[in-house]
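Just one chain is shown here, as structure tokens, and it is the form predicted alone.
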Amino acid sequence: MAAIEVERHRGRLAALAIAVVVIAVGVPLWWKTTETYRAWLPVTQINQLAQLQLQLSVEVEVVFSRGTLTAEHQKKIDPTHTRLEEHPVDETTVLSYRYETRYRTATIMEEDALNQPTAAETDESLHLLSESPCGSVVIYVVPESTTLLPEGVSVYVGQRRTALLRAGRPMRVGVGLKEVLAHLETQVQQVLKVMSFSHSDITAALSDRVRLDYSSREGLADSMRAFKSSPGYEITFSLLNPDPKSHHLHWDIEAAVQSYIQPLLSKLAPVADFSLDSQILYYAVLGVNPRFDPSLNAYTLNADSLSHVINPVEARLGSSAASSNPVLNFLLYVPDARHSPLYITDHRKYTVVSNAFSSPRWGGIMVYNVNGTELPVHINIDMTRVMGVFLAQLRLMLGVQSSTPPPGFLVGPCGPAGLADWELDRLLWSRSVENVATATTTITSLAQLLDQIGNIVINDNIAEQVSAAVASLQLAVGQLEAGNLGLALQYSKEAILHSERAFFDPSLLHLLYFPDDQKFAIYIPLFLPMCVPILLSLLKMAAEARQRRRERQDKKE
């Protein structure tokens, strides 16, 4: 009996030891080795970015030329003035605009530049004296009797970041300084809406973050025409020759691109990277049968049928598969002899002057008619006329808006690059805000997804990308507030790249869908055979302990 009791005691100790090892060592070890690895993320900073408060700061310099301010006004005028505007967009987004205006009188060299015969020459001379930083605006106030501005023109906007403003009647002798500055402030605000940015431009750039209410169909069309911000764009020029037997076409596309397109793209280098290619497609047709118009003695394509032109042509282009960047397609179509001449008509049945049309976020198509009765016809395409149309379409596709200036404004030519400096600044403001809005939306969406689904692995690479995106966003917001437009755009582009790399990382998909029933199916066959004997042994030991306790109580009684 003693040997049996010793054996039972030994069995109880063995079962208890196994249970202790399993519970104290096995379960924590299993829990640690099977837990989902989730690297640390800056959740607090991400939540702060979800409540986006953007401040855009613009440096404005108002320069008074000789004869616009009295000596008394020059002594009393405050050299600096700050104006702050706040525009809540929704519950999580607030925009504020800070205008730092500095007043001063013109230097001797600037006075000499203002004595040039024309406003365009004055604009160029002022630019040679000093180049204004990106995002800033310089306004030169000239006397009311100046000959630089034509009659009826109060403001001249050149191709640089300077404007000439004619002094109005309230700035004459005998008027108080307060009235002078109040009248000038109104004119300066109009100039800034043209040369810097407008509230509508900035809110349109927030379309990825907030829902916008477009009051007109034209406003919706303008918002959808331009491509979304991207690190790079592919530009393809295609010549469509549906009848190569009748038309022998020659286009010097390389020289035309170097002369007309490359200067614009070089100026847009801070915005994105661009790559160019060209091709000639033979026997390529538009896919829509034009109608003959007896009044024009020509074939026409109306506006309603233009939407059916792109799909058949796009199947022949084959350019979108070569890159992940957006592709801008520009097609030059020479109609065959049976449908020539061919004109594009608008909704009012009037022929379009450029004989071209554009498709939002896709590109543009131009119809080029040729003359000649004897076939085949050898044609040298007028690339100056063609590139003039394509250049205008390219500006619209990239978001360079050519808005109508207010009454009394005269906007000078944009120069050989096809883009004025102040137009570039307007685009940089919009792109910077759009990049910040897109990156914050991507990062906050990723943080919410990772918080809701605990099975997703967050490796160190994702954590590094998220942290880099948050840091770049904070720097971009800070540079916008400081008025450093170039640095703000650079940091916003980096934020876009880091946020998209984190969001589309393939490792996030491994445990994206892993329901609980699959966990039970895996772990029950593993743990049940081991846990049942241990559990039964513990229950038996507990029963024996209760039995011995009863026996001791019975002996005492």
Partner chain sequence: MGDQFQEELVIRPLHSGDIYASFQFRTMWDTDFLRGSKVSHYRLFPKSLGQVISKFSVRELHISFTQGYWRTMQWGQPFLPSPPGAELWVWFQDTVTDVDGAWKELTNVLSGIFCASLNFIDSTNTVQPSASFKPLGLGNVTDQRFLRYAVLPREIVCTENLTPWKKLLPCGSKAGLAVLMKSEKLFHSSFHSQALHFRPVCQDWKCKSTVWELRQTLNVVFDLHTSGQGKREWSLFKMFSRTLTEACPLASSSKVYVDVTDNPQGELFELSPTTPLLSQAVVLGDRRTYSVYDLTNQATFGQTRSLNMLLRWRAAERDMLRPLLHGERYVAGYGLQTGEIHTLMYNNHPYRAFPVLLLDTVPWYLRLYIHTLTVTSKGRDNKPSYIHYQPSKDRLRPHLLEMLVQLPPNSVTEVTMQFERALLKWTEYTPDPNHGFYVGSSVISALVPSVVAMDTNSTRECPLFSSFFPCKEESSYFMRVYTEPLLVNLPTPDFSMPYNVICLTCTVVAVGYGSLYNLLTRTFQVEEPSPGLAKRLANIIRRLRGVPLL
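Definition used throughout: the rigid core is the maximal C-alpha set that superposes within 1.5 Å between two forms. Positions refer to the first chain, counted from 1. Quick caveat, the model's predicted, so the values are computed rather than measured.
Below, we refer to the form predicted in complex with the partner chain, which is not included among the displayed structures.
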Is M530 close enough to touch the partner chain in the predicted complex, meaning at least one heavy atom pair within 4.5 Å?
yes
Should H250 be classed as touching the partner chain in the predicted complex when contacts are defined as heavy atoms within 4.5 Å?
yes
Answer for P376 alone: is it within 4.5 Å of the partner chain in the predicted complex, judged on heavy atom distances?
no
Flag V370 as yes or no: does it have a non-hydrogen atom within 4.5 angstroms of any non-hydrogen atom of the partner chain in the predicted complex?
no
Spot the stretch among 467-475, 274-282, 389-397, 73-81 with residues whose non-hydrogen atoms come within 4.5 Å of the partner chain in the predicted complex.
274-282
Using a 4.5 Å cut-off on heavy atoms, what residues in 347-366 are near the partner chain in the predicted complex?
none
Rigid core superposed: A50 CA moves 2 Å or more between the shown form and the other one:
no
By the 2 angstroms cut-off, has the C-alpha of M530 moved between the shown form and the other one once the rigid core is superposed?
yes
